[in-house]
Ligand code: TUI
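Quick setup: one chain, the form predicted on its own, written in structure tokens, and binding and motion questions come after.
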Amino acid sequence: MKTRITELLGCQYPIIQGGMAWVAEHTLAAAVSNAGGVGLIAGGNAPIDYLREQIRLCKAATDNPFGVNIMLMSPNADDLAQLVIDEGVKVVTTGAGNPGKYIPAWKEAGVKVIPVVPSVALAKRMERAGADAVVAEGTESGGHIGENTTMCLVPQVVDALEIPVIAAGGIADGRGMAAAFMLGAEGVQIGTRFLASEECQIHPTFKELVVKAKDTDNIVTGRYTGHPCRNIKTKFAKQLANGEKEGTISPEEFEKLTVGALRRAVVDGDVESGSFLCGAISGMINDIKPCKDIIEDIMTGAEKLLAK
């Protein structure tokens, strides 16, 4: 399948792995890239020396394109923006802000810039700033979310831009990919499905929660903090949501309770105090497979449907 995204990124398939904080490290990124997609290493708030090592380990594990995701509200965003140039990273996705001040230097270094956007307005700003493509991410996604759904957001962003659009949010199989292409997308970004991959290094408890999740086992917390997140519905997540709804947990208390909660989920598998960020599509994920099999299943399913 050839699209403007495969041409832009030099990949076999128009599938990008989501830049999930604490999850997307070099093992997963390299596996996705080796399978024909584009793997991402999550920058998050990680130390620059650690991220430099992750980039170099990924280079050693794959000859195919991979990228780095930069959360622009992170305190190390400036250093990471320079690091991708210094290390010759060819693809950058961004979230939680406007990467405009970095784009000229990235473009000069030959970096392909793909911001993640939750709205048409931000998508237009990113195109004017020089982005090569955008990821239009619907509220079905795991982690930090906007309010617009994938089905509503993607076609509006496609209509508003000249650059290619990658769809994200609620895509875990060939049907989801085919639907995104029918809406005008030329690629998909997938996160939650790769949580249940053999190469993903998260705690086994996290994988088990994803595989066992039903369609109603996701919940959004933190809307009143201004940073809502979609999680797997655990006792801890329900406690946070109820406290927010009933006013028994203040935004300040919420922030204290959730500091380090993602690490506790990913590294420790702590269901008592961990935040298991995960998309609403988890109810469709029933097994753990190698990234290669996941991507091939998605591509085969999508191509059959689109051929009709």
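All values reported here derive from a predicted model rather than from experimental measurement. Residue indices: 1-based, along the sequence shown.
Just so you know, the form predicted in complex with this ligand exists too; it's not on screen, but the next bit is about it.
- At a distance of at most 4.5 angstroms from this ligand in the predicted bound form, none of the three residues Leu8, Ala35 and Ile166 contributes a non-hydrogen atom.
- Residue heavy atoms within 4.5 Å of this ligand in the predicted bound form occur in exactly one stretch of 75-83, 225-233, 205-213, 149-157, and that stretch is 225-233.
- This chain lacks the partner; the member of Lys107, Arg125, Arg175, Lys90 within 4.5 angstroms of this ligand in the predicted bound form by a non-hydrogen atom is Arg125.
- Put simply, of Ile281, Val266, Leu277, Ala31 only one has a heavy atom within 4.5 Å of this ligand in the predicted bound form, and it is Leu277.
- Contact check for Gly95: a non-hydrogen atom falls within 4.5 Å of this ligand in the predicted bound form.
- Proximity of Met71 to this ligand in the predicted bound form: non-hydrogen atoms within 4.5 Å are present.
- This ligand is not drawn, but in the predicted bound form it has a heavy atom within 4.5 Å of Gly143.
- Although the partner is absent here, Pro118 lies within 4.5 Å of this ligand in the predicted bound form, judged by heavy atoms.
- Applying a 4.5 Å heavy atom cutoff to this ligand in the predicted bound form picks out no residue from 236-274.
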